[in-house]
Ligand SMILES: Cc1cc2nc3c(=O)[nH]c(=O)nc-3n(C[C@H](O)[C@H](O)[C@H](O)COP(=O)(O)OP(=O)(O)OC[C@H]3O[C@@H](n4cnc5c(N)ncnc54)[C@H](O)[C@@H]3O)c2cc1C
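We begin with a single chain expressed as structure tokens, specifically the form predicted alone.
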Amino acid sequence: MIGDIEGKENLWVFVEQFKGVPKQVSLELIAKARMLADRFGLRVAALLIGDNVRNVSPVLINAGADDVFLLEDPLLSQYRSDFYAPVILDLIRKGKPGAVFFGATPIGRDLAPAVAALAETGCTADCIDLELTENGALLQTVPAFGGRMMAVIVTPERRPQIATVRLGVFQQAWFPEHNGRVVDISPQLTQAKFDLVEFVEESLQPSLLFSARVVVAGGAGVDSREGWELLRELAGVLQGALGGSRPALDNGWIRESQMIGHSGSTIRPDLYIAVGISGDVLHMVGVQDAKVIVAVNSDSRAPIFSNSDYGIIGDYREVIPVLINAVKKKQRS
């Protein structure tokens, strides 16, 4: 079994799945790992843990995985850190991967540091980029110093190198002709630390930001209910979605699912209209792949203008109604 999974500098991705459906962020991480592996002649392995989840394996192979390490047991049907972390540690000790990637989800943020602690290695959270060097060092890029600069973190001595990445940072890819294999592994479960009494599934409304071709977002500069109604109307006439920056969430104008940036959503709309948003690094990493960025801000020195395709310097309360009327007029003609 050790020979089936061993590969010192290979890249592993923990696949988070629910009821046999893999999370989007896991597929995105497999695509990124595939790109890095192809560059350096490595293999990509997907860690699939659960109960009756074998049917997920073909999806992971088509997403770019060379190997699917399948660990099934009824006790693994629901996520439990007291089972999952030791199981992954056992795999790491046998396979000795160069790096292991986790989605920066509630589960990933709990599991990745737990595995890192057991493996006595480092863990970098919420990376916005991952690259490899010729000697196998993982360059883990994160915003630092309040978003004023980017920092590259490395784990120079310990292995594996562990990182978490948020949904939308990388793009999913499909390789329908890609061949892979499924390796069945019998998990060695430890003594349970607690009993799972009940599992309650929370119903959450999915964010419209990921699929919207047009996104209108507001920041600290939009400080009234009337202002947000203007933004909502503009988003409506453009058939787009409404979002915002961290100050907009802190001030209660948007929900958490609408926040854009490093601690929110990473999106790729065709058109992004930023209103009253200063444009610091922590926000701009969430829209860096937008095709066209339009900034509306009364402060001509706002950093967002240097990251925009078009900039309008002025009071949004005057600018937005003009834009709304122009779109309506275009639609009537």
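Computed from a prediction, not measured in an experiment: that's the story for all the values here. Heads up: residue numbers just count along the shown sequence, starting at 1.
Heads up, the form predicted in complex with the ligand isn't pictured, but that's what we're talking about next.
- Contact with the ligand in the predicted complex, defined as a heavy atom within 4.5 Å, holds for exactly one of Gly98, Pro86, Pro247, Gly227, namely Pro247.
- With the partner removed from view, the residue among Leu238, Val182, Ala125, Ala173 that has a non-hydrogen atom within 4.5 Å of the ligand in the predicted complex turns out to be Ala125.
- Taking the partner from the other structure, the ligand in the predicted complex has a heavy atom within 4.5 Å of a heavy atom of Tyr316.
- Though the partner is left out of this view, Gly168 does not reach within 4.5 Å of the ligand in the predicted complex, counting heavy atoms only.
- Among heavy atoms of Asp299, some come within 4.5 Å of the ligand in the predicted complex.
- In the predicted complex, at least one heavy atom of Ile260 sits within 4.5 Å of a heavy atom of the ligand.
- Of the candidate stretches 32-40, 61-69, 45-53, 263-271, only 263-271 has residues whose heavy atoms lie within 4.5 Å of the ligand in the predicted complex.
- Heavy atoms closer than or equal to 4.5 Å to the ligand in the predicted complex belong, across 279-297, to the residues Gly279, Asp280, Leu282, His283, Val296, Asn297, ordered by sequence position.
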